[in-house]
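What follows is one chain in structure tokens, specifically the form predicted on its own.
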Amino acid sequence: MSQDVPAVEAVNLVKSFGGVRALQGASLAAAAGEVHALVGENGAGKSTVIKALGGRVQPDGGEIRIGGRQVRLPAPPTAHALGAWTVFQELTLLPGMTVAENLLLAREPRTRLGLVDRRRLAANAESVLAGLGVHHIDPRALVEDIPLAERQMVEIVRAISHDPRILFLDEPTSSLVEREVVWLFGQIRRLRAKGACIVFTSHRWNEIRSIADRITVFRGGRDVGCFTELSEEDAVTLMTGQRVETFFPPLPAAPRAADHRPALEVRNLAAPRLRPVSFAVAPGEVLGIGGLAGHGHRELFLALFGAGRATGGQVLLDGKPVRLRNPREAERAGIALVPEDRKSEGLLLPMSVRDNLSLALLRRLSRAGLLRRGLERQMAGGEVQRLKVRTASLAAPVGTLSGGNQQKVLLGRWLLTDPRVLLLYDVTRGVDVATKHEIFELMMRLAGEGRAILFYSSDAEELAHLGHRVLVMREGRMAAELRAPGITAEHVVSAAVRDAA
């Protein structure tokens, strides 16, 4: 292939989903031996372009070229045959199968009778993982039983193990912690050195800055420029059409503990992988929860929502003990949880925006066993307008929305329940910079209304700027407490790794 011929090109692609025009003449050209970043807001068309180049969706117009030759990609196997593999933003692993079965799908070792050789399957998968420096994932484990970050790594390993000439990575770091991102970037640099073309999307600008050779910016389904150097401020302006002067909004005044009874108090709460922990959150307080992945954060949030089994301790709301045996009891008590994986844990993707918004309110919206559709439309429409959800209509399947707008729908569902305590678990994962800013402003507004917010983030910078206090967890216990003002990302990371094995 000539060095002047792009490894992969999208030329004036057009694509509509119902009444939503996802691509409106979008173009992209990426070369062999480069990492080409694709950036833009959620809904700008990035994922749609990657799905078209990977054979997952068919464009309504325009051309796709690989190695200078126009191609038609009716399905992913056609792209695979041309050396192009994709790690999609929505994980494609089969949850009821093992890591090994997913990793070696359609290339399993066989016995002489043509049956899958189970013993060799696990051994081969272990070898593939080890060959790429992954030693902590059990190839015999069911995918549904491993954490989201490990599922993402399995998806990445599956694509890289095919030694692709072209690799599309759509938000591959959204669920990874820093050490896993370092691992991934090492693999990307290795592939680049071999002459592969990597197209990479991320909403974390420090990642774009550290790994990309060139950057193409998308806005409104079109490309608006390709750059070898671009500042974050200029990128935000290109992506949104406006300049965001202050990324993190100011915190409302910290509530004085002496003036309020805690909205939420936890006394010696224990659960699997969670040692007895105690803390309190005042009305109007944003309490950040930080630390390395796998140290009990998820177990804490699930236990507080009745979705995880607590083995001891006590939870009090407004000073009164409550039993949280299931999410329904938590919701009735005024607790809401926005989980980390909106697609598998929060939203019903084939159902409409309206149905997803009203899901937690069905009892309140019903009379004599019949759903009051007019009231449902009124409440859902009001929340769509308030949160600026971009959707063709309330009837549109929520799965057709961009990731950021899906997250807004999930937030809106729980805000409609009028919670006193809001549990936010990595709510900005895979969300663009403008939508992040909107979510941050919403958090500050909710705190200003007197709601208690428990906020976990895998991004230490977010915790440093958005929490009145930050509790750092290590090995299932509270290892440090940091208080604003003066919290920095370095303080959060240092507290997380100090004395950690």
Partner chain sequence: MPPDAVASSRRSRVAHALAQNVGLELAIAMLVLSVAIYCAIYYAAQGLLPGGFELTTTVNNTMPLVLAAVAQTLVVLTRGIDLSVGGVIDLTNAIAAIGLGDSLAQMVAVSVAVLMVGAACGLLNGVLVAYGRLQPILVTLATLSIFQGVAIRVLPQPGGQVAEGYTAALANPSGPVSLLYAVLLALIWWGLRRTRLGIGIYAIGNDESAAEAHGIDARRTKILAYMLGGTFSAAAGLFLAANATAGDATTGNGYTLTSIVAVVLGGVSLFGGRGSAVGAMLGAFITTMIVNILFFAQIDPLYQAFYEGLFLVGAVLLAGGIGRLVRRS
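As the structure is a computational prediction, the values presented were derived from the model and not from experiment. Numbering follows the first chain given and starts at 1.
One more form of this protein exists, namely the form predicted in complex with its partner chain; it is left out here, but the text below deals with it.
- Of the heavy atoms in I137, some are within 4.5 Å of its partner chain in the predicted bound form.
- Not displayed here, its partner chain is approached by E108 to within 4.5 Å at the level of heavy atoms in the predicted bound form.
- In the predicted bound form, its partner chain sits beyond 4.5 Å of every heavy atom of K320.
- Its partner chain is not shown here, and in the predicted bound form it never comes within 4.5 Å of any heavy atom of E34.
- Heavy atoms within 4.5 Å of its partner chain in the predicted bound form are found in one stretch of 354-362, 418-426, 304-312, 201-209, which is 304-312.
- Not one of D60, R377 and R390 places a heavy atom within 4.5 Å of its partner chain in the predicted bound form.
- Of the candidates E150, D170, E285, E383, E150 is the one whose heavy atoms come within 4.5 Å of its partner chain in the predicted bound form; the others do not.
- For the candidate set V224, V71, A280, A141, a heavy atom within 4.5 Å of its partner chain in the predicted bound form is found for exactly one residue, namely A141.
- Taking its partner chain as positioned in the predicted bound form, none of the residues of 449-470 brings a heavy atom within 4.5 Å of it.
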